[in-house]
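In the block that follows, a single chain appears as structure tokens, in the form predicted on its own.
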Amino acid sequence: MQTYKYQNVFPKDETIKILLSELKVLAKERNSGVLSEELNRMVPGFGSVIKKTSRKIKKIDIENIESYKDFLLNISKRWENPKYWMTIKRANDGFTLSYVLSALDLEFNIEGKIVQKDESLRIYLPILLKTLYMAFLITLITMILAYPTSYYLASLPKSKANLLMIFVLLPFWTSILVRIVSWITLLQQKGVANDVMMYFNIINQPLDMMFNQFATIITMTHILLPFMVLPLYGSMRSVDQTYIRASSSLGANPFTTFFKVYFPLTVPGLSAGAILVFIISVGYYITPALVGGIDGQMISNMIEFHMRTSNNWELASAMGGILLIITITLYWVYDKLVGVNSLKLG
């Protein structure tokens, strides 16, 4: 198969004979299903062709076949498609990029060039982009919520701040499943949130707030908020107040003092929290699985599907590897723009 060229449609008769012989052995050992499953992952529909051919060849003497091409075409006209032969050729290689390309909705065309799949067949790239978008949105919302909270805590005497910090740390003492179930209770159609809004005539009918992106984002924001508050609080606590007083005494108004003196000093804590929340969000699994429905699924749910349901571990590994590369790349960009040495986790 290494010398096969798609322009010829069929490989040499000797190659087809070897293929039929191997299929016959696999059929007798009842292992043809393994091959058909593997090839079907690379080209949908190829598995049925392999199974059909294996059943047919099992009872036939290969030496008595006059024309191997006609024999294959009598079984299935799909053998006339060079795409199937190219797939066998690529599957014969010890190293393949097929799964990595599939994880990005790319594929080899008949000429061996990498091309994008048909729009109707694209699955993984939209989910990957949606995962990055949701992780970015969750990071942004936690930053908006955590900054004033941390600022308030940092402005309090330490004894009071430590007391209020219990409410920030409280989620860590509660099972994540309990927190998720609580949000399901709050957001479902007959939940507390809808009942309250209907009682005050804010809405006329219950809103659909569960099993979608909204539910995933709001639940994950609540779960990951402490990861943003803690480094921010530590960073704000370490701000030298003499800088603030010096800025004010030099004539700067509170707005200028905040944006030119205070905020830059808290950037290390803010960036540390942003990295933590974003990286955790990208790989989150349990929350999207329970409250996300179809719309709120993330890339980790697809990895889990291929690990446990479809048994396509190769594709799951490729998707996990791409996720890891994206995370390392973002970390590298952060290091170049901000600097890892400026990270403060508390």
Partner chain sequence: MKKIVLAASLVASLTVSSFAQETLTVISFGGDYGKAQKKHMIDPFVKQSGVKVFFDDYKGGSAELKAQVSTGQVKWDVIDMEYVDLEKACNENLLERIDPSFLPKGDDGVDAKDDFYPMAINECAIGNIFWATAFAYNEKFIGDVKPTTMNDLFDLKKFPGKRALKKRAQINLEWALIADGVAAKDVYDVLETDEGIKRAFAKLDTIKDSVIWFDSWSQAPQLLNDGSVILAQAANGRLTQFTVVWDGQAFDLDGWAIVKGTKNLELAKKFIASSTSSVPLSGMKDVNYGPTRKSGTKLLTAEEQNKLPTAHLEEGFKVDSGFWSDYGTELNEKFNAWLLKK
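Numbering follows the first chain given and starts at 1. Between two forms, the rigid core is defined as the largest C-alpha subset superposing within 1.5 Å. Since the model is a prediction, treat every value here as computed from it, not as a measurement.
One more form of this protein exists, namely the form predicted in complex with its partner chain; it is left out here, but the text below deals with it.
Contact here is defined as any heavy atom lying within 4.5 Å of its partner chain in the predicted complex, and by that definition not a single one of Pro82, Thr96 and Ile303 is a contact residue. Contact annotation for Pro44: at least one heavy atom lies within 4.5 Å of its partner chain in the predicted complex. For the chain shown alone, Ser159 is not a contact residue for its partner chain in the predicted complex, no non-hydrogen atom being within 4.5 angstroms.
Asp208 belongs to the set of residues with a heavy atom inside 4.5 Å of its partner chain in the predicted complex. Using a 4.5 angstroms limit between non-hydrogen atoms, Lys190 touches its partner chain in the predicted complex. Think of it this way: in the predicted complex, its partner chain has a heavy atom of just one of Leu170, Ile110, Ile203, Ile123 within 4.5 Å, and the residue is Ile123. Along 28-52, a non-hydrogen atom within 4.5 Å of its partner chain in the predicted complex is carried by Glu29, Arg30, Asn31, Gly33, Val34, Glu37, Asn40, Arg41, Pro44, Gly45, Ser48, Lys51, Lys52, in order along the sequence. With the core held fixed, the Cα of Tyr84 is displaced between the shown form and the other one by 2 Å or more. The two forms, fitted on the rigid core, differ between the shown form and the other one by 2 Å or more at the CA of Ile75. After superposition on the rigid core, the Cα of Ile303 moves by less than 2 Å between the shown form and the other one.
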